[in-house]
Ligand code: FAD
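One chain is shown next in structure tokens, namely the form predicted on its own.
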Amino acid sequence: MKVTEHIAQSDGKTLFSFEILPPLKGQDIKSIFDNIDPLMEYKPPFIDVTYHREEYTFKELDNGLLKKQVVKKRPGTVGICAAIQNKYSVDAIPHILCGGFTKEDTENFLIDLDFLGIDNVVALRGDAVKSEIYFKAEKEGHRYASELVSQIQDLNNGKYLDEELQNSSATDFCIGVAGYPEKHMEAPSLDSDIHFLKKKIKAGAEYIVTQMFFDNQKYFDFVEKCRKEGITVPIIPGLKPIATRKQLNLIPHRFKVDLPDDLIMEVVRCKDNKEVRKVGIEWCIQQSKELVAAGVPILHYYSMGRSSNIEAIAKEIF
């Protein structure tokens, strides 16, 4: 079922969803199931599965030259989605990236998803690899998420890259995209960021999931700006509870989001990460309650591979 259909059938009730990471290469799917199992009590209509593109390493050869090697540390997004749908009978939503994909790769990826009965995808540009300062598209790939959305929508209309195909079947993906209440890290301003978000909606995106935020007013202001710009699709807030003291510096640096002073001071006063985790859970519970009261369609949680703190929050909200 499509995300938009889940929202339409919820009768205004806020739904619960979460995002998981594929395990590191060499680990089995049991680690995924162990984290999902405790959260199924709260009846998520769908579970997002992230995609992690290749990384580059350089191996020194005997002659002193360097050989470039491609490494995928977290493969398995498609297989995990199939396993989730088979085991739990809920929709699994794979992330699909511009980075690391040619247009042909993207089309084949989407064909596989369609064969598996996967109805939703989240279309993202993706970040630059560690060896790049700025994002660099594949030679035959997409530079922007809006271009990726357009290709998915083309497939929904039965338009494949090979224009000579006859009697081609149309897919029927519901397309989600990312939104940034505090703007994308590369955007010069929030207004310009929303301008490009509109392009993704115009290209065929049907819902938005936001980057994490820790001040609900950022989300409310973002939604208001989007609505003024004519963006009418559902805007799903994404939340993450702080779990370690290290994240005080890591989250603003990696995700370019601000942490409220009150939250920072509460974490600073903690004696250890066990206390930090409690602070993070309580902060996220209060965020969640306010967002539910505001009538958000879904609360979407970034689990980062661990579910115990998400479970503690869900127990209070759902």
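A quick note: this is a predicted structure, and the numbers were derived from the prediction, not measured. The numbering used is simple: start at 1 and walk along the sequence shown.
The same protein also exists as the form predicted together with the named molecule; that form is not shown, yet it is the one meant from here on.
Of the candidates I231, A83, L248, L124, L124 is the one whose heavy atoms come within 4.5 Å of the named molecule in the predicted bound form; the others do not. Here is the short version: of K103, K218, K87, K199, the single residue with a heavy atom within 4.5 Å of the named molecule in the predicted bound form is K199. Although the partner is absent here, N120 sits far enough away that none of its heavy atoms falls within 4.5 Å of the named molecule in the predicted bound form. Though the partner is left out of this view, L116 does not reach within 4.5 Å of the named molecule in the predicted bound form, counting heavy atoms only. Mapping the unseen interface onto this chain, E224 falls outside it, with no heavy atom inside 4.5 Å of the named molecule in the predicted bound form. In the predicted bound form, the named molecule lies farther than 4.5 Å from every heavy atom of Q153. The candidate spot formed by L97, E186 and V209 is fully in contact with the named molecule in the predicted bound form: every one of the three has a heavy atom within 4.5 Å.
Between 23 to 31, 261 to 269, 276 to 284, 43 to 51, the stretch whose residues reach within 4.5 angstroms of the named molecule in the predicted bound form through a non-hydrogen atom is 43 to 51.
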